[in-house]
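Form predicted on its own, single chain, as structure tokens, below.
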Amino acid sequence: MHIMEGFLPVEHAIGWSVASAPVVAYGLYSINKKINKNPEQRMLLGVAAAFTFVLSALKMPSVTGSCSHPTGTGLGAILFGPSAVAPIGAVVLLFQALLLAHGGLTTLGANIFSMAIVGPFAAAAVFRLARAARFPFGVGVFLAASLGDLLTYVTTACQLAFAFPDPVGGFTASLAKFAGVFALTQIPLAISEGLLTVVVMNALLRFNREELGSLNIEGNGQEVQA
């Protein structure tokens, strides 16, 4: 998913950065508000950030100019809300660009938009819909993490197709090409990420039930029940 350094045209790189900046800024405000109210949530925030950093660093080659890997953003989106994941993902992507040559500084805005904004918002929406439909908690977590991962890659495919439309078929043909190549590796990765997120959430429920209760995941304080 990380689009590599220098791969996007300059105007696209600037545009995605401008689109991502306000969400990251609001996410910082959201995190500060939550931490000031419940300082004990810092440890869970660190767990969510570490989960995102480790999973999104496990890259494998995919479409030229990008790669495939789990995203790890679904856990943070469920725990702290999608906007809080934007600054977490921004920091993760910045460190990976600087320390691991994974992604890039010129493509940071585009990568933030797909992995730290679209993916988490999709994950949070799927989780709420699953709980509203009275799906078991674990099923909701699995669907949220898996579909959040997949929609991250759909967004990356759209970004690449928008930057490099097919000479004949335009954006649609290019999108089909990029999404088709991503699907080969990303569908099994998304399923794996969903299962791993359920395992991690169950561990948090077992050992951090009090902190999870203070997060009030769905507004009534009862959704942390396994």
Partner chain sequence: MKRYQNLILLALVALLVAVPLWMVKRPAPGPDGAEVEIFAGADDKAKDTITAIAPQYKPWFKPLMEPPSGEIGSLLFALQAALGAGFIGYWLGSSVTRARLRRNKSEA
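Because the structure is predicted, anything quoted here is derived from the model rather than measured. Positions refer to the first chain, counted from 1.
Omitted here: the form predicted together with the partner chain. The next part is about that form.
S.K.: Look at the stretches 144 to 152, 105 to 113, 76 to 84, 119 to 127 and give the one with heavy atoms within 4.5 Å of the partner chain in the predicted bound form.
M.R.: This holds for exactly one stretch, 105 to 113.
S.K.: Flag this candidate site as yes only if I88, R134 and L215 all have a heavy atom within 4.5 Å of the partner chain in the predicted bound form; otherwise mark no.
M.R.: Spot residues vs the partner chain: no contact at all.
S.K.: Given that the partner is absent here, does L204 sit within 4.5 Å of the partner chain in the predicted bound form, heavy atoms only?
M.R.: Within the cut-off, so yes.
S.K.: Closest heavy atom of L98 to the partner chain in the predicted bound form, within 4.5 Å or not?
M.R.: The answer is yes: L98 has a heavy atom within 4.5 Å of the partner chain.
S.K.: Would you please decide whether N208 lies within 4.5 angstroms of the partner chain in the predicted bound form, comparing each non-hydrogen atom pair?
M.R.: N208: yes, in contact with the partner chain in the predicted bound form.
S.K.: Does the 4.5 Å heavy atom contact test between G15 and the partner chain in the predicted bound form come out positive?
M.R.: Judged by the heavy-atom cut-off of 4.5 Å, G15 is well away from the partner chain in the predicted bound form.
S.K.: Going by the partner chain in the predicted bound form, which residues of 1 to 38 come within 4.5 Å of it through any heavy atom?
M.R.: The stretch 1 to 38, when checked against the partner chain in the predicted bound form, contributes M1, H2, M4, E5, G6, F7, L8, P9, V10, A13 at the 4.5 Å heavy-atom cut-off.
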